[in-house]
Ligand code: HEM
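Next up: a single chain in structure tokens, the form predicted on its own.
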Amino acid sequence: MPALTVRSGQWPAERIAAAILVSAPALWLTWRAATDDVGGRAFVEAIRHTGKWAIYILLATLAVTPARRIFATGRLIIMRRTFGLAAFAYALWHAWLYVAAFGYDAAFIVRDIVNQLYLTVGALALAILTVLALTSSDRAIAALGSVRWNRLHSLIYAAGVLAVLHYLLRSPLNVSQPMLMGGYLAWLLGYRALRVITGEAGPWQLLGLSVAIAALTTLAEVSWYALRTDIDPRRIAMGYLTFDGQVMAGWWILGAGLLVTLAGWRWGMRPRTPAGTTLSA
């Protein structure tokens, strides 16, 4: 099982944990289907469930590199391939359920993908994930060379953007969840940009990044409702100020960013005192 093993043939605990985590949503959906808990719209519920989890796990894949640096836990890298393959598996499952829902009518499905922008975007995301999954093995790395392989697999950023855009276009009247996923993706990409521009991403940089991305997420959500729906954008803006009802996406992004910054400072980025020395008052 190449998704679980490494070259030594052993099964690292991190990769086993990753396999358990990514299997849980599939097992939960299977259990709900077996117990008839999904109601009369089983296909619709399954399509929704697999699509969301494809994005969640894709974001988890992109979060591995920032997490291992922020928390100084290098072995997290072992989980990345399992997460990436699982994101592809859920996306493929999502697409298969869509095809099955329309009776495998190839002509209709092709027309639908061409005519519906959100389906076109989703198909592009799946195509990228397919290429990445097919080249995820050590053999592919050896064949392509590390430089070309890394260039190819940088397409995962495009896949993430397309997947979130697919979700957003599919849910134009209630974009809270897509905006939340878009905010998390922006934070992960922003972290990488910080590393490239400044060469580091310490607590203050992470704090600034979190505030900036939270503000951009808020602006994006309010602007979406103003431009794409009949909903008064002032209602959305007031939702951020009054906390009346659900917590808005921007607040979730800010809270998560602050939590990561604090945890990283506490366990990963905080300067260490050399053994045998003390800090003066």
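What you are looking at is a predicted structure, and each value in this text was computed from that prediction instead of being measured. So that there is no doubt, residue numbering starts at 1 and follows the sequence shown.
If you look for the form predicted together with protoporphyrin IX containing FE (HEM), you will not find it shown, but the lines that follow are about it.
For Arg80, no non-hydrogen atom is located within 4.5 Å of protoporphyrin IX containing FE (HEM) in the predicted complex, even though that partner is not displayed. Though the partner is left out of this view, Leu58 does reach within 4.5 Å of protoporphyrin IX containing FE (HEM) in the predicted complex, counting heavy atoms only. Using a 4.5 angstroms limit between non-hydrogen atoms, Ala63 is distant from protoporphyrin IX containing FE (HEM) in the predicted complex. For Met179, no non-hydrogen atom is located within 4.5 Å of protoporphyrin IX containing FE (HEM) in the predicted complex, even though that partner is not displayed. Of the listed positions (Phe108, Tyr157, Phe71, Tyr118), a single one reaches within 4.5 angstroms of protoporphyrin IX containing FE (HEM) by any non-hydrogen atom in the predicted complex, namely Tyr118. In short, of 203-211, 163-171, 182-190, 136-144 it is 163-171 that has heavy atoms within 4.5 Å of protoporphyrin IX containing FE (HEM) in the predicted complex. Residues Ala91, His94, Ala95, Tyr98 of 76-112 are found to place at least one heavy atom within 4.5 Å of protoporphyrin IX containing FE (HEM) in the predicted complex.
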